[in-house]
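In structure tokens, the next block holds one chain alone, the form predicted on its own.
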Amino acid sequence: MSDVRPSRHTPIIVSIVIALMLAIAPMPGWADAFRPAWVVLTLIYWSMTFPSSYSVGAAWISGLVLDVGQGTLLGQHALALSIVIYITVKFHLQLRQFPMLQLMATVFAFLAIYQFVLFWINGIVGISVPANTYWGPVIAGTIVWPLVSALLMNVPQRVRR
């Protein structure tokens, strides 16, 4: 019998893959504008928790996969994710100390930066998108942040058992 143990990175990578699947999964037209930015929320959490392992490189790769999955301009989400995750890693020690309401406000700002970069790139390319497509994910992501952080908080402990 072999002693096969999962890597400590496996549950984190699985959570990022699940976030990518949630971001690509089809939704009804009316609800698609309010889809939370699952990948951004997941990467913000993991980059605050493990900043040396999951930082800009993981954000860039996840962004490229998201670009291919959604059929958007290649590098658009990769750039936006990299900027947000860079800021998160830069201030991860302060972010860990924030109470939940202050952290929700910070996540709101991160999601707004992410959507602004997407808006800026779409503007340069000449793609016009309704405003609710940008503000919907920011508001929905801020609302679901406590749920995402609560779900991801116990992932490494469950694997160790």
Partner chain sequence: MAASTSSKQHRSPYAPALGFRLLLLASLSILLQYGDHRDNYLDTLRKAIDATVYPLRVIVDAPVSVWRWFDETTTSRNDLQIENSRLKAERLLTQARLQRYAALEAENARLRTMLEARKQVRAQVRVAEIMSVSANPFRHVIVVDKGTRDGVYNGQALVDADGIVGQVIEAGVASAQCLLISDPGHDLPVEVNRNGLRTIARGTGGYNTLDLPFLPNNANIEPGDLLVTSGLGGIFPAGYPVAVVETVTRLPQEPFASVTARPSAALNQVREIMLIWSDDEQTPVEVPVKDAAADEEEGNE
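What you see is a predicted model; the values in this text were computed from it and never measured. Numbering follows the first chain given and starts at 1.
The same protein also exists as the form predicted together with the partner chain; that form is not shown, yet it is the one meant from here on.
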Are A25, V68 and M153 jointly within 4.5 Å of the partner chain in the predicted complex, each by at least one heavy atom?
-> yes
4.5 angstroms heavy atom contact with the partner chain in the predicted complex for A105 | no
Please check if L147 has a heavy atom lying within 4.5 Å of any heavy atom of the partner chain in the predicted complex.
-> no
With heavy atoms only and a cut-off of 4.5 Å, decide whether V129 touches the partner chain in the predicted complex.
-> yes
Classify W38 as contacting or not contacting the partner chain in the predicted complex by the rule of any non-hydrogen atom within 4.5 angstroms, answering yes or no.
-> no
Mind listing which residues of 44 to 69 have a heavy atom within 4.5 Å of the partner chain in the predicted complex?
-> Y45, M48, T49, F50, P51, S52, S55, V56, G57, W60, L64, V65, D67, V68, G69
